[in-house]
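Taking the form predicted on its own, here's one chain by itself in structure tokens.
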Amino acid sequence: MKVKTPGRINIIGEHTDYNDGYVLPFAVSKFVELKLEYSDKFLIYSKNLNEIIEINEIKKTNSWADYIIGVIYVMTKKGYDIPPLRIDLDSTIPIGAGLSSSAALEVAASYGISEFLNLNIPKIEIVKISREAEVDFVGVRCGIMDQFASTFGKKDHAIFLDTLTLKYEYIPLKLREYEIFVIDSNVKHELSSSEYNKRREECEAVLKTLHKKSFRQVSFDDLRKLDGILLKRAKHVLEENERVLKVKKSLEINDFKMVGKLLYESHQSLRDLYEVSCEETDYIVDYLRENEGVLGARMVGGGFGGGVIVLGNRGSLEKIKEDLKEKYYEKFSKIPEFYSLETSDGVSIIL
């Protein structure tokens, strides 16, 4: 049996999902495909890497396979009997570009195992199992947005998700004369994982200082009780939530110029208040600001490298591509990658 799971891009709502905030992602037409079959031992094979990993016991390998092993670990812990399987992996999702290849792999494994073994696990539980695998097994304290978008994606729509209640709404994404694409900086700074977890700790410190249980209880008036780093982190979260709501309204009336303006505002906040951007992604965003065909851009994902999401007039990608490649290489001795994005449905069986 085969399943395929899309990656995702988040239009806006960065570092809000683990703070009980709002996000606005959509599933993209780049996929992880998993083939599952019975075996006499656990075997996980990556076609992309031409590497096979044999598992004699369910424990960390500190490799790409941990995203799948983590799912097996969580499902076993929840009482599901998972027999030895061979799982073959093939992916068209670029790693490190902010398209969430890890969450797509977790969802593909969770959903694939459930369907292959006729476990009939509801999709919302697939989301939770997948996230738990990344948090408790892989060790990245992510929110739930990535796994949710890969599971519940809908073609030609974005998902407005309230991560506190998990209530969601499909928002039509009528791009028409516009396009959304990602520029991968081809940079991944080593501190990305540790700093990501540090930001979570800082946000938890905000709540502790304010004696609140959730960021949804935090108001702009509460900011007066904070200073320094905690003030900056809290201000970003509150303002980013407001930007998500504004983008949602703007998409509903097809006001893409306002969406672009809010993307630039989001990047500035991520750079100055949340401090998760880096020289390379800042350079790309600054370059794009000077191009008339681009409406807006911001860093996307955890930060410290990775991708920049861009909203532009249709055809703007081709106009900037070669010039940006040349200028970026001159400055950083690296060549950025460019990915045009189309919407997609969520996880599905394909065979």
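Residue numbers here begin at 1 and follow the sequence given. What you are looking at is a predicted structure, and each value in this text was computed from that prediction instead of being measured.
Quick note: we don't show the form predicted together with a small molecule, though the next part is all about it.
Checking 135 to 143, 167 to 175, 217 to 225, 249 to 257 against the small molecule in the model of the complex, the stretch whose residues place heavy atoms within 4.5 Å of it is 135 to 143. The shortest heavy atom separation between Tyr339 and the small molecule in the model of the complex exceeds 4.5 Å.
Of the heavy atoms in Gly312, none are within 4.5 Å of the small molecule in the model of the complex. Although the partner is absent here, Gly301 lies within 4.5 Å of the small molecule in the model of the complex, judged by heavy atoms. Proximity of Tyr328 to the small molecule in the model of the complex: non-hydrogen atoms within 4.5 Å are absent; the residue sits far from the partner. Proximity to the small molecule in the model of the complex, defined as a heavy atom within 4.5 Å, holds among Tyr196, Phe152, Phe160, Phe116 only for Tyr196.
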